[in-house]
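A single chain, nothing else alongside it, follows as structure tokens in the form predicted on its own.
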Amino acid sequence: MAVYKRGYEPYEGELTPEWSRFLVIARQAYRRVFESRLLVSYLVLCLICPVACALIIYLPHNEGALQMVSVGDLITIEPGFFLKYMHLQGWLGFILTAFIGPGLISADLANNALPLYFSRPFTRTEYVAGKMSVLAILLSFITWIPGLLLFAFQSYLAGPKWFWDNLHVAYALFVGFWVWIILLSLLALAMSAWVKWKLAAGILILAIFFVVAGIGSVLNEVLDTRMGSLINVVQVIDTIWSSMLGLASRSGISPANAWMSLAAACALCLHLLSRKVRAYEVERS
């Protein structure tokens, strides 16, 4: 609008609270996410496992099932049961991240949109938090939220004693899945920021999990050590989850080393993000 017309007026509508301003990015991103029928179908598929686990939990407490077969002897709801649930839902969350994550930042960088974000009352931290929330909210609905519902269902059927004896399981489900969500989100955003081609970024995420895991296995065999497992994300997470549930891990690395490896991976992703997420980009000739 031409300035000389003086027909412009300041915005007088309701302002978004500062504490939730980063969620504006997530709200806009979800419009594109849920336009894909394939992705919606996959999210529904991710809920099949929690429903099946709820049925497995219910069977030992059903009188009809107990009369037909000794279900109570075949099914035992213990920390190992929830570890299997965490592994399955963790892999489903990883696949979901590989689909959604690569396009979160790459499109903004390809279209030089970051200056438009940061010309508004929006910090780099809020921008990254908004992009992370796109994945974090979706992953929560297929990981720790149904996991805690399963724990509550089992506690209701088994009684207060089982609840207090296995309270650490609820802690493992909540904290363990959030560790996984943060790692996946940071990794996906870092790859999206550095690889502007969405398909290549998705392939790179898969390579980090599988190729690097293979390199770690080779190092273990050649050097006769278990330190190569520290670069294997799957074994690091398995060690952390198992320690939270009070179970022994097959990775051969200590929980303390696993936590340090996880912290190093997250720090590296944050460093990569800080190099790319800025209001300008320096071109070197």
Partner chain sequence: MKTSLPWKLWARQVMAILRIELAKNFKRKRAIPVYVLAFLPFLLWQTHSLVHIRGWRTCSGSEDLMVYAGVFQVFVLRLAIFFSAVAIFMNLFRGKIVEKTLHYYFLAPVRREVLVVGKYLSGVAMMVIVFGAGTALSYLTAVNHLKLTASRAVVPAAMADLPVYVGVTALACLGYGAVFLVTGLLFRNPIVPAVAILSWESIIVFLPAVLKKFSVIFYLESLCPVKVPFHGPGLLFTITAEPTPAYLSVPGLILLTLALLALAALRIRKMEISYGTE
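Just so you know, these numbers come straight off a predicted model, no measurement behind them. Numbering follows the first chain given and starts at 1.
Keep in mind that the form predicted in complex with its partner chain is missing from the display, and what follows is about it.
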Q: Find the only residue in 222, 227, 52, 45 having a heavy atom within 4.5 Å of its partner chain in the model of the complex.
A: 222
Q.
So its partner chain isn't shown here. In the model of the complex, which residue out of 197, 156, 141, 164 has a non-hydrogen atom within 4.5 Å of it?
A. 197
Q | Interface membership of residue 90, its partner chain in the model of the complex, 4.5 Å heavy atom rule | A | no
Q. Are any of the heavy atoms in residue 121 no more than 4.5 Å from a heavy atom of its partner chain in the model of the complex?
A. no
**Q.** 4.5 Å heavy atom contact, residue 218 to its partner chain in the model of the complex
**A.** yes
**Q.** residue 207, heavy atom within 4.5 angstroms of its partner chain in the model of the complex
**A.** yes
Q: Would you point out which of 184 to 192, 124 to 132, 166 to 174, 197 to 205 contains residues with a non-hydrogen atom within 4.5 Å of its partner chain in the model of the complex?
A: 197 to 205
